[in-house]
Every structure is written in C-alpha cells, then in structure tokens.
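In structure tokens, the next block holds one chain alone, the form predicted on its own.
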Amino acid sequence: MAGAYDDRDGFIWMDGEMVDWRSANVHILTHALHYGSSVFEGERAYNGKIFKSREHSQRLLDSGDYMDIPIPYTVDEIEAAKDQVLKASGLSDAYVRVVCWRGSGNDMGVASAQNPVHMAVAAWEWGAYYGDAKTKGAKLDISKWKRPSPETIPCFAKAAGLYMICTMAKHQAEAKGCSDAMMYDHRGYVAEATGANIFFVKDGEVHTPKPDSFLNGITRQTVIGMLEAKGIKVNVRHIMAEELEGFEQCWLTGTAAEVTPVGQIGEHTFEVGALTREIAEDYEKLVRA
C-alpha cells in the first residue's frame, strides 16, 4: 500500500461496519477536528498477531477516561474490530491505528458532552519508523518545546491534542536534517522524543526518565522487563540535561520506533553499542515469538 493516506485500496472499520478506505470520512464540523477531542492507539502486528494487543485496547479506554471521552466499546469489542481489519487488510505485518473521537452533534463550542463518540480502526504497511537509523543510529535535535505538567493536561493519555507540540518539534528537527527531537519536561528534566521513550547506558547500567509527565509506553515497559530479566540494573529517575554528555549509548522505544539506536542528540554523540544492538535484536525476536 502506498500513496496519500486518503487514497488507498482497502477497508477501514468505522462504528461497527467495514467501510471502503476512500469513503471513511467524517463531517467538517466534527468536534475533534476543531478541538482535538480524540484519543488513539498505535500498534504493530507481527506474523498476523498484534503485539500486546489487549494492553493497547485497555490503554485506549484509559485515555478516553482521562480526556472525558467515554468510549462505547469494551476491550473485547475493540479486539474483535482490530482482528476484522487485519483479516480484511491481508497483511501479516502491519501498523494498526485505533482512534476514538467526539463527532459532530449538538455541541460546537468547547463543550462536547452532547456529541457522540466514534471509533475507527485502520491497518497499513509501515516499515522502520526512522529508516536506516536502526543500523546507523538516529540523529536527534533538542526541542524548544517541553512536555507539559500533569497539572495542565492529562499527560498520561495518548491524546491527539498532546501531540501538536511534538509535530512542531519534529518539523523543526527535520528541517535541521535530524530524524526526531528530544524533549525536556516542564521542569527541565529529560523526557522523551516526540513519539518515543528514551534510554541511556553508562557503566553497564541503564538509565531512563521517570514517566511522571509523559506517557509510560508499552514498549518502554516491555524493554525494562527484558533488561531486568538479563540482570541489568535499570535506573528510572529524573535525568538532568548536563548528564547527556556522560552517557555512552542511547536508544528510543515505541510501537512505531520499536527499539531504535540513537547516535546523536544535539552536540552529544553516542555509540551504537553492544547492549543497544542486543536489546533491539531481542525485542525483534520477542514480538515475533
């Protein structure tokens, strides 16, 4: 599958029905388009099976609760919809996007309680998120935008509106020839990349930011478990900006990113070292097991 995302062959699940891909549309006065009232999940299927699918479905419901978007489906119903889409796509390896949003209705101001909540599921082929960075190491800019305080917005939700600063940060990074950008949080601690969590290695130990102002990714949690099973100490803590120059290795984790080595963040360089490669290989084996 290739081309613009609104002009492809296939089917998309929308509110219980399989709809022709090109006909999967919403009205221009959909509340989510104007106010960002939408939550979503990004998932990958390997060999026809979505990795940690039920965890993603539950997180979608949790995000809806955080954002006051009551999703009218159960985990089992979401699972069934994803299964239907995967079969219809004919793909064994695919990226799966589930999205829930406030549609058009009686409300068109900031409030949207009277508007129905919809759900759609689509699947498509998506290769390496950062291209050849999986072997060479991604180059990251350092964003001027910071992850917000939990007191300003439910930052633990996978919500569309929270990604706007990520979009701006990534645009600025790409304009500088980078793959992505690293973001600090509102206090100045290292947080994450625009759509992936971050890990560092120093003296045989792993360090990763404490997820108290950003999404605690499912891939992040998986990789921490893998490291601990190997007997490698994982330090989950606040990481200061000045610590970047002392780290030896770095990688990103995420459903789309999987495990991607990082070779540079701003002026700081990192080795694509043995532990980074080992974890990337082990993760690939795990998701295809």
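All residue numbers are counted from 1 along the displayed sequence. All values reported here derive from a predicted model rather than from experimental measurement.
Although not depicted, the form predicted in complex with a small molecule is the subject of the following passage.
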| property | result |
| --- | --- |
| Answer option from Gly103, Pro148, Pro154, Gly217, heavy atom within 4.5 Å of the small molecule in the model of the complex | Gly217 |
| Single option in Ser179, Thr194, Ser213, Ser143 placed near the small molecule in the model of the complex, where near means a heavy atom within 4.5 Å | Thr194 |
| Contact of Lys170 with the small molecule in the model of the complex (heavy atom, 4.5 Å) | no |
| Residue contact check: Gly64 to the small molecule in the model of the complex, 4.5 Å heavy atom | no |
| Lys158, heavy atom within 4.5 angstroms of the small molecule in the model of the complex | yes |
| Proximity of Gln249 to the small molecule in the model of the complex, heavy atoms at 4.5 Å | no |
| Region of this chain that lies against the small molecule in the model of the complex, out of 253-261, 28-36, 230-238, 66-74 [heavy atom, 4.5 Å] | 253-261 |
